[in-house]
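Presented as structure tokens, the chain that follows is alone, the form predicted on its own.
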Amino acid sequence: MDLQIAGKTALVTGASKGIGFAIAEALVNEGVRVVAAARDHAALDAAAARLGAQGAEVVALSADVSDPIEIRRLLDATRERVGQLDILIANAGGPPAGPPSSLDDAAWARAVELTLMSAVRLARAVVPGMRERGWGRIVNVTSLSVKQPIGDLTLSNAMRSAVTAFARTLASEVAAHGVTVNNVAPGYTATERLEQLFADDYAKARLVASIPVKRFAHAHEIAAAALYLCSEQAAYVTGQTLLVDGGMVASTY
């Protein structure tokens, strides 16, 4: 199927590994020019080299999206290198785990900047150009926790839910201008983040047993969902959260 996005330009944050890299790779394979952003300079350069190995146009720009100054620098550099953006994939790393009673104000403030405000600032920056041109796609990478909170991931549960509410509100504002705003909500995915949260093999085995498809997701499966939301075929889909969780969330809504 031709997704009709070849020749578009996308910014993907958190693109050096895991789900972010998989989404950047999927976009590149569709002929999209990709600006890949991440904090780790060396990992980002390696990822960009892999993405560009077959002649794709990839621009690597290091940035910490929890810092508003670095976001401005990232966007300025993006405009200078590639011009306007057609697609934004807002994918920030998850905040640290911890039960509600253990988290102080500083931890909450850091989570707000990393997970919520990065999505808000990036969207706020790209929406004017998208509205002006009458086409745009914004996809936030959230988590199944927006439907079913995960124990001890207090900050992630709260912040990703806030991103979801922000996206739904923004979607209504820009829908008439050809701009869609959606979220892809991954389930448990075989990435470095999963290894950090569940280092114990027994814990991972119990978790797999609780997933109806009896395995963790592959990053490319999450990327496929995000790619659809970026496509021309998804022009009538906005304000939605697409769960890709192997049936984990037992809900009809």
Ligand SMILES: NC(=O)c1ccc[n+]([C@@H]2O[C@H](COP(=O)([O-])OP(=O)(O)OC[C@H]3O[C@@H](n4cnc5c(N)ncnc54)[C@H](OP(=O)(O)O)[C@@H]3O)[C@@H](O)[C@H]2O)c1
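All residue numbers are counted from 1 along the displayed sequence. Small disclaimer: the values here were computed from a predicted structure and weren't measured.
There is another form of this protein, the form predicted in complex with the named molecule, and it is not shown here; the text below is about that form.
Given a 4.5 Å cut-off on heavy atoms, tell me which of 188-196, 50-58, 223-231, 24-32 is the interface stretch with the named molecule in the predicted complex.
Among the listed stretches, the partner-contacting one is 188-196.
Quick one: of L114, V163, L85, V146, which gets a non-hydrogen atom within 4.5 angstroms of the named molecule in the predicted complex?
Contact residue from the list: L114.
For the three residues A123, G136 and H177, verify that every one has a non-hydrogen atom within 4.5 Å of the named molecule in the predicted complex; reply yes or no.
No.
According to a 4.5 angstroms non-hydrogen atom cut-off, is D40 in contact with the named molecule in the predicted complex?
Answer yes; at least one heavy atom of D40 falls within 4.5 Å of the named molecule in the predicted complex.
With the partner left out here, check for me: in the predicted complex, does some heavy atom of T9 sit within 4.5 Å of the named molecule?
Taking the distances in the predicted complex, the answer for T9 is no, it never comes within 4.5 Å of the named molecule.
I'd like to know if S16 sits close to the named molecule in the predicted complex, meaning any non-hydrogen atom pair within 4.5 angstroms.
Looking in the predicted complex, residue contacts with the named molecule include S16, since a heavy atom lies within 4.5 Å.
Using heavy atoms and a 4.5 Å limit, would one call A92 a contact residue for the named molecule in the predicted complex?
Close contact exists here: in the predicted complex, A92 approaches the named molecule to within 4.5 Å, heavy atoms only.
Would you mind checking 32-71 for residues with a heavy atom within 4.5 Å of the named molecule in the predicted complex?
Residues within 4.5 Å: A38, R39, D40, A63, D64, V65, S66.
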